[in-house]
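To begin, one chain is listed below as structure tokens, in the form predicted alone.
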């Protein structure tokens, strides 16, 4: 699509004409995509064109699939190759993490704990285990390729891998891909802290030269985009799998749903089973993410095509999930069978289609997907809005799938720029897959 300035709405930057009041944007979904877009929209506020961002999610910040994910952040695919835009995504994600950590240090509490007792991230690295010899060969080939930085990824033999993770079982000729800089993020704490940073930034901006700048959270469900038309300059749909349920987008997005269930494990009191303090997280089909020495997340099951987005895991689902997860994990980390299940978490992921560059998110203007009635220009005084004489623009950013963390920050910034400037051309064309 050849794009410069999108039709129906010309940006303030392009015309110099100021709206009556702040530029209002609605972001639907408070997961990785939504909170990142909200932050980057707010960075574009100015004294001449202040920005008001309203973030909608009836599950709360980080209450959906993003908050129930494992939080493993690294830029490599399962074969050890750098992901599409992996370097850019890694740099941008680290920047957002540092912003969230700064906000957390300045006052976030989680479950009654101070920020010191509730870390947002653990910097342990990741060890991806080769389950078959062909996987080991692929690891070695890709680690030695020119596009990989050999200081950031390495192949380890079984003795070196076992030294890193006491209790790990690998055959003598086994191999593991080691990503030492990889990070395990606590998704919900991270998203809550990043939203706190949004609120703090907006408050400071509003009192230091950009009056009208706001970051507002709406704990509401948006059942239809028609509920928002005319009230905002732009609406950005970042609802993950829930976007498929919007009447305007039913059967229009190439997303496949997949429910994942994750076990929250705790070392039994008095037991000697403890995950070494600096041992890396493990990937081996399923994954094991350490949150301190005595708390582990083990996930995730894959129920393709499920429409169950409930965070609640009933007894039958829990029993089935635990059996599947232990079958995958015990051969590599036998002591896992001694750990106690202290809880469950679950989410419905939106998985994007595969492209020649791998599974990539969806991003772009979706005016053509939204009902034509939503493109009408509102006239008269019935709509009390700073954009009452212009159409609302509709945008999509979703389908981050199981690699949401690596793309959410970099693409969130690009989406915000495209929205602010009404210029879709800043987004890679390959992401518009509908």
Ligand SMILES: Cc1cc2nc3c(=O)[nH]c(=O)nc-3n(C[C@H](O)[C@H](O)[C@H](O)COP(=O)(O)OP(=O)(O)OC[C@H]3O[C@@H](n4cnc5c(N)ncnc54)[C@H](O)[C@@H]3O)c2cc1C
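What you see is a predicted model, and the numbers here were worked out from it, not measured in a lab. Residue numbers count along the first chain shown, from 1.
Although it is not shown, the form predicted in complex with the ligand is what the next lines describe.
The three residues 56, 69 and 238 all sit with a heavy atom within 4.5 Å of the ligand in the model of the complex. Proximity of residue 63 to the ligand in the model of the complex: non-hydrogen atoms within 4.5 Å are present. The ligand in the model of the complex is approached by residue 33, whose closest heavy atom lies within 4.5 angstroms of it. Not displayed here, the ligand is kept clear of residue 37 by more than 4.5 Å at the level of heavy atoms in the model of the complex.
The ligand in the model of the complex is approached by residue 287, whose closest heavy atom lies within 4.5 angstroms of it. Residue 300 is the only one of 176, 300, 215, 120 with a heavy atom lying within 4.5 Å of the ligand in the model of the complex. Between the ligand and the residues 262, 225, 155, 210, the one pair within 4.5 Å by heavy atoms in the model of the complex involves 262.
Just one listed stretch, out of 226-234, 314-322, 87-95, 254-262, contacts the ligand in the model of the complex at the 4.5 Å heavy atom level, and that stretch is 254-262.
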